[in-house]
Structure formats: C-alpha cells, structure tokens
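What follows is a single chain, given as structure tokens, in the form predicted alone.
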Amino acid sequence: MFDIRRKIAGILCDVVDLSVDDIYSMLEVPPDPKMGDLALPCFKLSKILKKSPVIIASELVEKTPKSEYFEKMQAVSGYLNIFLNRKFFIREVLNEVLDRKELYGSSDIGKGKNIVIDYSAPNIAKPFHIGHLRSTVIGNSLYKIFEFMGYNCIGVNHLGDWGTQFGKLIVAYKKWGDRETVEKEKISELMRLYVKFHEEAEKDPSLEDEARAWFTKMEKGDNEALELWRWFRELSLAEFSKVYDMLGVTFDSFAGESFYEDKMQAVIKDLESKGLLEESQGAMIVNLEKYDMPPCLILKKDGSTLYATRDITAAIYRKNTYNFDKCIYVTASAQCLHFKQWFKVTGLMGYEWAKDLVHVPFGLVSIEGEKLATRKGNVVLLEDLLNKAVSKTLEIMEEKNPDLPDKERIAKEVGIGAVVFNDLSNNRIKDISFSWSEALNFDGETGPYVQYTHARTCSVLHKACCEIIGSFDESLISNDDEYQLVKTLSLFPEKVKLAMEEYEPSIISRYLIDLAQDFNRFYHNQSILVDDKSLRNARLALVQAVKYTLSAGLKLIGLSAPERV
C-alpha cells in the first residue's frame, strides 16, 4: 500500500536519528495548502536535539536529501513544511486505486484471526425500535470494516430471550390476551400486553410475584410456560427479520440468553471452586471492592441468574467455539460498569483472554429529548421509520426524475441509507435526540448526498462509454481541484484502519462526505468529457478512482452504492 507519509518519514528519520514510526506520528496536514502538503512540527524535537525548533527546521531543509517524493521543503516558524511531488504522488495514488478497484484500502492484517462481534440484541416480544438502531448499524459496520481488513468475523445477535419479563408477558397474556389477536397483531399486541402489565402492577403489586413465579416455571422446564415463551420468540424473530432484511444486516449466530441456560451451573461451580463467590444478603456476589467497583451479582436471593452470569458463560462458550482474538460488545454506554465488572470477574477466574474482551459503548437515543420507555409505549418503531424514509425518497424521485427505471428499489436504497448514515455520521459515544425532520433530511452532509455523488461518477463514465481506464498521463491532472481530490483519495486506507482501531464507523462516514464534496467541486469547476483525448482520459481515471472509493466506503457503513438516482 502506497503511504506517502511513511515514505517521507523514512527519509527524515535518517536526518534526525529517530524511528520511522516516531516521525510518522509527528507529521500532520497543514490547515492551509499554501503551507505545504505535510508538515513536521519541530517543537518536540527541540527537547531531544537541544536546539530551537526554528534551527531544527532550517537544518532539516539543508540536510534532507532530494527525493522523487517531494518537490521542496521550507522552514517556517519552527515547522518543516513539505510540498509533495504532485506528478509522482498522483500517479502512485491513482494507479493503486485503479488496480485494486473496490478493494482499495483493504488489508490482510487480520488474516487467520477471528473477531466475534455482539450487536443488535433486541428483546424478544418487544418492539424493534429506534433505540436498537445504533447497536445494529454500528455493529454491522464494524463487522464489514474488520472483514475488509482481513479478519474472519462472527456476528452474534445475543437476543434478550430469557428473564423475568417473560413471566410478566405470560401473566398479561393469560389475563388480558388471546391467541387470535397475538397471531394477527404480533409484536404490537405483545407490547400492548407488556405495557398493560406495568400499568396494572402499579395498582396491584402482587402481579410482580405472579410474574416471578411464571419465570421460575420456565427455568424449571414447565411445558406450558416454555410453549408460550417459544411462541413469543418465533413471532418476534419473524418480525425482526423484516427489519434486518430492510437494513441488509445479517448474523452468523442468534444464540441469545436462553442458549446459555444449561451452561451456567458449570460456571457458577467454577467461581465457587476458585473462592470468588461470596454471600451478601442472601445473594451470591464477586467482591470487586479492591478494584473500585461495586460487587458483581452472580445469583439472586432466590437462586436465579443475572445478566453477568449469562455474559460470563457466553464469553467462555465463544472462546471455546470460535477461539476469538477479540470479542466485541456493541451496547449503550449506560452498560459500561456492567461490562467492566464481568470482564474483571472473567480475568479473576484465570482466563487470560479476558483482556481481549472489548466493550464498544454508544450514546443514548431519545425522542425529541424524551427518554425511550418501552413500558410506557414511548417508542418509534424502526420498521415505521424505514418505511417513511423510503416513501419520502420515492416522492422526491417522482418529482425530480419520474422516468427513472426501478425507482422502488433505488428509493429503498437511498431512503434506508439516509437513516443509517444519519446515525453513523455521529461519533458513536454522542447522545442522539431523534427527530423525524433530521432523520429524513436528504440535503447537506447526508447519506443520499454521498449516494448521489456515486451515481454521478457512474453517469460520467457511462456517457464516456468507459468503465475501465487504461494508461493515463498523470501530468495532465495538475490543477488544485484535481490535486485536492487525489489527496483525499489517498487518505482512505488510513481512515479505514483508524475506524477499525477506534471502533468508530463515523470516521468513514465523515471521510465520504469530504470525498463527495471534493469530487463535486472538481465536477463543477472542471470539464471532464473534453475533446482532448489525453486530458479526457486522465480526468476519467480520476472519476473512476472516486467511484471505486465511494462504493467501497458506502459498503463499509452498510449502505448501497446505486449507479442511478
């Protein structure tokens, strides 16, 4: 992979007697292109070399040997400003993109390594709402990013399909529900029953005891309880699959909490044998006081298990089954303490691979600032949101391009892409206040804008009757718009690697906006299909490179790359 920063760092490290990695980390992009393409601040070097930054920068200009990589270097106020050799740089970047096509930016650094990614994990018998969108699309994007970097990924949907809430639902169904209505209305009816249970339980707290009793029956294998639970689960999965199909999200495993029900006793015995379990007010805990954390609850007073028990059991199962190099959990930031606790317990059990457990937290979603509350029915169903996005996109397309073939399919790609991009363009740790107007806004820095830009590159290439560019004269790609576009193209491999290391898909989303903006500036300022065949071919090479990179980037965040919009 061509990396001009590393090439420059390799030249400079011999002059200042530092490692390539040290110099590489110091190099930065100046805020103004007039100050060069790269800059080395010499202030850190001042402490090492015992000279002023101004003197160091001047000496670097004098001592650095000439190279095909740069045209000149300038010393300015303690900075070494580096102006790249445009012709060489453009040739290397474009040739790499055109050679690797949509694999540009990919790597084999993960070859032979397994990554388990736990994401989405909705609760059975509850609606799939916008609160589940973040885990689903962030996890799906991380899966694609790690796979792009050569890893073997295993996507796990750790369904919330066990626990006292099913006791509550059974009580509600038996008191206020009927099979025909549930079969017809499915999750919406299950949600109505769940909400009604909590409304009635506020008046009659004994309902909570009934719910716990029904869950105990489930744990003990009661046929009626398990038959109802399986029915609720099957109905829910059928509904969830509709949303996953719309989002283009898949999983390699749907092993939820119930899957580990018969595997937890062995883990509890292991905790006991290692002297980690303590009794506390009737419950069994692992004391984490010396690690500045509250105790990790393993068993309730009545002997039933908790989330931590199931999570530890699941991690052990996944290590034994998949031999992961990392196991990544994509859940809300509110669960940070929970993960710290059971990660620590897993380490205390002697599992050295506990260090490979990674929690990737994300901010919460509220509705116009109001917290989501399934118990009160305050949710926006994800299927409704996606369908509205598609219908709005179709309206826009009917108005702007009524003769476009296959409008329904493209409206689905663009509308759903708008919703996904709206989420993934935000830093994942940031809280999001959901609003219909923002989620369905297609103007500005949005997913549809990037998709339209990809379609524009396809249109240019189609008009030129050209899909594959042969040789081209890079010296003809010389103006500032073209050069800036190539510089942005060169950043893609670095951005993908950083997104992987930071578990941050928004790095790619923001990059795609930058690339789309740079391309559209070039498109509006420069004529591409000119009569001069050499210039035409050179600019088409640039268009083709942008098409490949936009397509690859969109796929990494789970969006389609339509060729016509």
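Residue numbers run from 1 along the displayed sequence. The model shown is predicted, which means the values in this text are computed figures rather than measured ones. Between two forms, the rigid core is defined as the largest C-alpha subset superposing within 1.5 Å.
Although it is not shown, the form predicted together with the RNA is what the next lines describe.
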query	finding
All of Tyr79, Thr393 and Arg521 within 4.5 Å of the RNA in the model of the complex, heavy atom check	yes
Partner-proximal stretch of 99-107, 245-253, 349-357, 282-290 relative to the RNA in the model of the complex, 4.5 angstroms, heavy atom	282-290
Any non-hydrogen atom of Leu529 within 4.5 angstroms of the RNA in the model of the complex	yes
In the model of the complex, Arg456 touching the RNA (heavy atom, 4.5 Å)	yes
Heavy atom of Glu257 within 4.5 Å of the RNA in the model of the complex	yes
4.5 Å heavy atom contact, Glu28 and the RNA in the model of the complex	yes
Listed residue that, although the RNA is not shown, lies within 4.5 Å of it in the model of the complex (heavy atoms), from Asp262, Asp406, Glu234, Asp431	Asp431
Partner-contacting position among Asn114, Thr216, Asn426, Ser188 - heavy atom within 4.5 Å of the RNA in the model of the complex	Asn426
Stretch 33-47: residues contacting the RNA in the model of the complex, 4.5 Å heavy atom cut-off	Met35, Ala39, Pro41, Phe43, Lys44, Lys47
Threshold 2 Å Cα movement between the shown form and the other one for Arg521, core superposed	no
Large Cα move at Ser46 between the shown form and the other one, threshold 2 Å, rigid core	yes
